[in-house]
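Below, in structure tokens: the form predicted on its own, a single chain.
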């Protein structure tokens, strides 16, 4: 069994110290509850609603050497995995990224592929498929926020062996939480969506962070407005059972030869 949890936070735009303190408090609370896997929201170090490239640059950091990354790295050294969205700077480029820190080490960074709305003004889209990586004899997949609306993202994570999809988010559309139930069912995986709350420069975020099971159960869900740290104990091996009925395997029953149009750019 693993104890997986989310920190539903309210990052503040252009308030780096406030966001650092919020992350530290969330990590301490999770540690007290013996959480093994903790996920923070998208862009947890920076806030979301940027108004200029200068703001993006001011709030960005290099992973894993920036101040927010170092807090996550130190927090994970007590024997947990921490995943968070980070406004990342690499070279002269900025990315909406998610980084995983395991047992005091930087494990992996994923750069968001599907940018939402005005994110295209500030960030370079990632050009690598979402990663699957190992921790504590389990398999974890990463995607960020708007990746959820493209079912191919969750599917490739499942094909690559992810047992749970870790999903930092800053959700504003009203559909995602219910759609992630479908992503769980159609791939027979757990999902963990860590969303933010609050009103930021006129944009309202929806909260309702959650963990879903391979059978589409909502195992724990936060409310729509308050910050919280919530967790649930799960057996990730349940995601290895891909039988939707006694005779139907959710991955082996696919007909890839029928799906060519999915990757045909024309």
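Computed from a predicted model, the values in this text were never measured in an experiment. Numbering follows the first chain given and starts at 1.
Another form exists, predicted together with a further copy of the same chain; not displayed. Remarks below refer to it.
- Proximity of residue 173 to a further copy of the same chain in the predicted bound form falls within the 4.5 Å heavy atom cutoff.
- Heavy atoms of residue 151 reach within 4.5 Å of a further copy of the same chain in the predicted bound form, making it an interface residue.
- Contact annotation: residue 121 falls within 4.5 Å of a further copy of the same chain in the predicted bound form, judged by heavy atom distances.
- At the 4.5 Å threshold, heavy atoms of residue 75 stay clear of a further copy of the same chain in the predicted bound form, well away from it.
- In plain terms, the part of the chain that comes close to a further copy of the same chain in the predicted bound form, with a heavy atom within 4.5 Å, is 154 to 162 out of 190 to 198, 98 to 106, 154 to 162, 75 to 83.
- Not one of 68, 94 and 203 places a heavy atom within 4.5 Å of a further copy of the same chain in the predicted bound form.
- Contact residues in stretch 114 to 129 (any heavy atom within 4.5 Å of a further copy of the same chain, taken in the predicted bound form) are 114, 115, 116, 117, 118, 120, 121, 125, 126, 127, 128, 129.
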